[in-house]
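Below you will find one chain, with nothing else, as C-alpha cells; this is the form predicted on its own, and questions on how it binds or moves follow later.
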C-alpha cells in the first residue's frame, strides 16, 4: 500500500456535479467576503470623513453592521442550505427574542440620544 503513495490520483472521489457545486460555493464565499471587506471600508470612510454629521454616521454604521451580520449568517454559517432548517429557526427565534430585550434595556438605561 505504501508503494502507491507516490503515484498521482487519476480521478477524484467527487463527481463533476459535486466539483461544480464546490466551485460555485467557493466563488460565492469569495464574493461575499469581498463584499464584507467593502462594507468595512465604507464604515471606516464614514467615520473618518469630517463632512458627514454624527447623526447620520451612527445609524449608517449600525445598518452596515446588520447587513454584515446577515451575510455572515447566511453564507458563512450556511443558513442558506436546505438541510439547516432547525438551526435557522433557532437563530431567527433568538434574534426575535433578543432584539426587543436589547431595545428595552437601552430605553431603561436611558442611553438613547435620538
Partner chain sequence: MVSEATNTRKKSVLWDWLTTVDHKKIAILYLIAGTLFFVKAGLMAVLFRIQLIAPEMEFISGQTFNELVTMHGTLMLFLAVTPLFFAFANYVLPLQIGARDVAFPFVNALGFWLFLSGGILLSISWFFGGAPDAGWTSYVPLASREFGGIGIDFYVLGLQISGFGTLISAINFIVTIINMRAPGMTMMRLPLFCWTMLITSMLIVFAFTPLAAGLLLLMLDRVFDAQFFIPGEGGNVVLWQHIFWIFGHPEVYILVMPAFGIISEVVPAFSKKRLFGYTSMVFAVLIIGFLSFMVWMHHMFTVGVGPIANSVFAIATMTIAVPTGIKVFNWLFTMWGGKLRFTTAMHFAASFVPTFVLGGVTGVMLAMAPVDHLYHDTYFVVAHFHYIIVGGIVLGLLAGLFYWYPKMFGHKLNETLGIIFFWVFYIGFHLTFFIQHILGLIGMPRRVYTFLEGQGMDTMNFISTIGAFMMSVAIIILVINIIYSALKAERVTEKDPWDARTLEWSTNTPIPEYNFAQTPQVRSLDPLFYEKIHGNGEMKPAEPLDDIHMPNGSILPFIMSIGMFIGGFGFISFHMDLFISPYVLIAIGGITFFGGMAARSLQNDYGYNIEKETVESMEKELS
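Since the structure is predicted, the reported quantities are computational estimates derived from the model, not experimental observations. Residue numbers count along the first chain shown, from 1.
Form predicted together with its partner chain: not shown, discussed below.
For the three marked residues, 58, 62 and 73, no heavy atom of any sits within 4.5 Å of its partner chain in the model of the complex. Using a 4.5 angstroms limit between non-hydrogen atoms, residue 97 touches its partner chain in the model of the complex. With a 4.5 Å cutoff on heavy atoms, residue 15 does not count as touching its partner chain in the model of the complex; it lies far away.
Although the partner is absent from this view, residue 93 contacts its partner chain in the model of the complex, with a non-hydrogen atom inside 4.5 angstroms. Proximity of residue 101 to its partner chain in the model of the complex: non-hydrogen atoms within 4.5 Å are present.
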